[in-house]
Ligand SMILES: Nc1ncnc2c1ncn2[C@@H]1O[C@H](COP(=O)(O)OP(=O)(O)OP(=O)(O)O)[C@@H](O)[C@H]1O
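Just the one chain here, laid out as structure tokens, in the form predicted on its own.
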Amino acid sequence: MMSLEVAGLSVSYGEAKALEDVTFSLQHPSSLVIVGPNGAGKTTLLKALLGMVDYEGKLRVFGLEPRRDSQKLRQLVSYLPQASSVNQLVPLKVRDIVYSPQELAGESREAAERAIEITDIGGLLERRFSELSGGQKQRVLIARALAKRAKMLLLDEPFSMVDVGGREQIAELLLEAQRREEITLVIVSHDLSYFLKREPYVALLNKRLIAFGRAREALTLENLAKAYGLARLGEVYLAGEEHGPY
């Protein structure tokens, strides 16, 4: 079963091309990390998958066309926002964020409880979301996404607001959830070093798709030079894990 089918995908903002002729496909269930320099179109690709931007070319998510089938797609895909997207002024408890009214009985409640177990946030349920650390906030948002019982999770920079020590924890949590729940995971990240042990698929992007495949196939010196430029490539290597793509 194919989770993603992308062929000749192009997106423009006015006269500016954000994505140009991007083509790849992804089986379900699997993990994909999208990497590339700033302005490469990574977030635009996520928005296209969600039907949030106009595009040219073919795009199918579980066989659905995002703009035409947006209602059905919302049942299959869960988008994980950055923790900063939750209004910190509203005194929401973790329980309020993970459980929706539909998740208080039957199978929906079981799904929420399973998500709480996977993310290990049972001890945080009565805490206010605004009081949590960056890593704890991300675990709560991951639990909310898993509770939806979606077949695909889309994550835009899941390490934002998470310190270096918590990043490996978040990556392990996501990959374990992907394996246990048999979902497809699509992650935009500047740093995929924490995901490499599970050998995800990698899309190396700079408006055009530079390479697609397993990390060892996609992240060659030649491909990295094409994506980041020869001068920039040296900076990426010197920066190491904190700023590099791997």
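These numbers come from a predicted model, not from an experiment. Start at 1 and count along the sequence shown; that's the residue number.
The next section is about a form of this same protein that is not shown, the form predicted in complex with this ligand.
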query	finding
Contact residue in the model of the complex, from 37, 63, 57, 213 (heavy atom within 4.5 Å of this ligand)	37
Residue 9: touches this ligand in the model of the complex, heavy atom cutoff 4.5 angstroms	no
Touches this ligand in the model of the complex: residue 224 (any heavy atom, 4.5 Å)	no
4.5 Å heavy atom contact, residue 208 and this ligand in the model of the complex	no
Proximity of residue 43 to this ligand in the model of the complex, heavy atoms at 4.5 Å	yes
Within 4.5 Å of this ligand in the model of the complex, all of 5, 24 and 149 (non-hydrogen atom)	no
Partner-proximal stretch of 43 to 51, 191 to 199, 216 to 224, 64 to 72 relative to this ligand in the model of the complex, 4.5 angstroms, heavy atom	43 to 51
